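Below you'll find only one chain, the form predicted alone, shown as structure tokens.
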Amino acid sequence: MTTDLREVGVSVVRKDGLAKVTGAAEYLDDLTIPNAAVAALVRSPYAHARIVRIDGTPAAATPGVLAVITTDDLGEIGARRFGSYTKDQPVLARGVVRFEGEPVAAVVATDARTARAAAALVDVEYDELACAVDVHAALATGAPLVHETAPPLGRQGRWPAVPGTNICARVVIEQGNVDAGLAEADVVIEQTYTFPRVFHYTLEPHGAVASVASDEVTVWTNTGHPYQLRQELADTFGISLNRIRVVVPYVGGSFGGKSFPKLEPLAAALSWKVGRPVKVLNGVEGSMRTNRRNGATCHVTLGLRRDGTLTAKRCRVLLDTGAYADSGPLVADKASVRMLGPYRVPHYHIDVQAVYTNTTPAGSYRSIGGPQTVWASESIMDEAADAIGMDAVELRLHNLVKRGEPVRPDLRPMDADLGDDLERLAKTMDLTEGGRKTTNPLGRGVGVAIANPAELPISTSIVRLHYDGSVTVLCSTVEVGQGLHTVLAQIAAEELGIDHSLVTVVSPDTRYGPYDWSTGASRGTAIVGSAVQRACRDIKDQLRALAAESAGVPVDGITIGDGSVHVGGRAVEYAQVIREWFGRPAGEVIGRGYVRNLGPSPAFWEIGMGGAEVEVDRETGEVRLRSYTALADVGRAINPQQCEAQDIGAVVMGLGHTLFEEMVYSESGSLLNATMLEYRVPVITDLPETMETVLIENADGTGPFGAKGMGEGGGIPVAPAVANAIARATGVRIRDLPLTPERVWRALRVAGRAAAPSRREASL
């Protein structure tokens, strides 16, 4: 790796850090939008019902109420459906409600208190229908259909719904002959693993403020996808893209939950109806009924020889995508590859189905489809190791694809040394001290994951070099807490040879900011960063031309280095070049950077590995992490401290679905734990006593200075690493998440194996 970098590889202070810790940062609810009204939503108490009648008369008579709005009041806008992959979601429920909490009406008032009080007066009569609350009920013969007619594809859609069923999308990948591969195996293992429906729980809930005028729709929102949202709003209102403006202020977390449209079409429709700006803002309960992660059932059959060689893999994955598709079809597509995993498997058949149910719509959540499928794939790898009496790490090393080998024939060959990464993880685990002594059973386990993010590397950037030498970066990636604006400033500073303090990165506004596909899929550093780097190189080319013209010399003789333009033996600062060419202290140089392809898909492989040491209380079933080691193969750590923080954050989120989190629904489709009093997320006391992060830097990524994307991978292997450790500690294999004390206690009792093995037997 090159070592002469000055701004890259340095843990500089976050650009947004001071504003956030001092309270100066303005989030959506802090914005003052003149004349804005506030909407309160009337939500369905039923998971599936026909709307018989809506009476908003008492609410409309309340002083301060501007309007009580139903889908019938919205005309064609109410009749249209939105969705990037499947056009299936109405702005307000139309004729039928499909999940508990679906908005059926909105009360718009001069203030929030009046709106909420009036919303309670809206009388809705329903005719309750049978519902399908989980994937098995939804796929059963005679199951009630969540959508009676198969919805059409959205603009990004590739996977159609199956008519007459609750299958929202289906993705199948296969190679070879699985039956023949299983026949070649000495051992065949068949198991089913389940993954819970979980909530993103961002500190800032979903929200939007919209203002619809005769010539433009403006939306202020905490979305992660301003340009995807712009397209959906253009479709909803039937107007051109240049008449849609999306502005994104500070965002209090997303984790994928604010990807694609959420409340924005509704806010815009309400503003259109009442003729003034309208704010729609969720509380936590509202957001729990807006978006969540897909739950999953994974049935896996794995064949292998006695020497550990894998021969075949057959998988059926059922994803609970809820009442509306959101990004569920894309989750299914990504889950198929992530279910295959990082191993050589000559014969495989992987069938992934996103299934409609009468529950909260599910969509993107940090590494879509990864935690669900890797939970199953890495659990069965440990079960396979036990079945043939082989060390779990050795089994993985025996089968991992090598650098340059294909994972699938149509995808980028592996761009990392997975075996070296795993050996590094194991060595770091050996050096990690788990903390205090204990009489409880101890065990260690690992998980290995790869993810294929950044499928569509489409980004543009504009970089403005001002006549005082400072720089403004315009791009439309959203700073959702991942530190990307800091990283982009470092990339620009390194490329231009200036100090990062001279660089400002502007938050997205589609009226002024250049196009970007989305914020997510670990794509920011590699793809948006490449656009910024290319724009900076464009600036340097222009500076050479300006300096040549001013000096009257050929451009071929001019070079740039160390933040200066070298002309005729003298070094001229960028600012001076600009001032000399314009003839006064004025002007700027504008660079443009375009990215549409970084080579084969995916743009890079994201590598996440984890190792856990746990102790299990045999009397209570409580699982306590003694230590956790996370490894990320990042190519180049632009900001090492931020990389480590991202990996730790991902691990903590992974502990949520591993040990605590699950959205629980009744048989009638009611969400039973819809507040943070009942829904358990990790807190500081749940963290491991010791946590280590390992960053592998080989400068082998497609991004700037050899960087790859990272930030999602750390959460993927957590659940199998912990479950594998529990199995080694107790001899009991648990295949259903979360691993709550009750579930572990019951498994210990059923197995009759509460006694702990020795520490030596429990070690890897």
Partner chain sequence: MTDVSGPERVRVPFTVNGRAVDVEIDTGDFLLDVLRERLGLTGTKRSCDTQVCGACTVLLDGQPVSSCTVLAWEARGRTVETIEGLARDGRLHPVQEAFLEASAFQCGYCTPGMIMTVKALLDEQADASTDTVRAWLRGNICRCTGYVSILAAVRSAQRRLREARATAP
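Positions refer to the first chain, counted from 1. These numbers come from a predicted model, not from an experiment.
Same protein, other form: the form predicted together with the partner chain, not shown, and the subject of what follows.
Participant: Would residue 676 count as a contact of the partner chain in the model of the complex, using a 4.5 angstroms cut-off between non-hydrogen atoms?
Facilitator: Because a heavy atom of residue 676 falls inside 4.5 Å of the partner chain in the model of the complex, the answer is yes.
Participant: Does the partner chain come within 4.5 Å of any heavy atom of residue 92 in the model of the complex?
Facilitator: Close contact is absent here: in the model of the complex, residue 92 is far from the partner chain, nothing within 4.5 Å, heavy atoms only.
Participant: Should residue 375 be counted as a contact of the partner chain in the model of the complex, where contact means heavy atoms within 4.5 Å?
Facilitator: No, residue 375 stays farther than 4.5 Å from the partner chain in the model of the complex.
Participant: Report whether the minimum heavy atom distance between residue 421 and the partner chain in the model of the complex is within 4.5 Å.
Facilitator: No, residue 421 is distant from the partner.
Participant: Heavy atoms within 4.5 Å of the partner chain in the model of the complex: which stretch among 42 to 50, 26 to 34, 735 to 743, 64 to 72?
Facilitator: That would be stretch 26 to 34.
Participant: The partner chain isn't shown here, but in the model of the complex which of 249, 144, 649, 151 has a heavy atom within 4.5 Å of it?
Facilitator: Checking each option against the partner chain in the model of the complex, the one that comes within 4.5 Å is 649.
Participant: Which listed residue (220, 159, 605, 255) meets the criterion of a heavy atom within 4.5 Å of the partner chain in the model of the complex?
Facilitator: The residue in contact is 255.
Participant: Considering only 106 to 126, what residues come within 4.5 Å of the partner chain in the model of the complex, judged by heavy atoms?
Facilitator: Read in sequence order, the lone residue that approaches the partner chain (within 4.5 Å, in the model of the complex) is 113.
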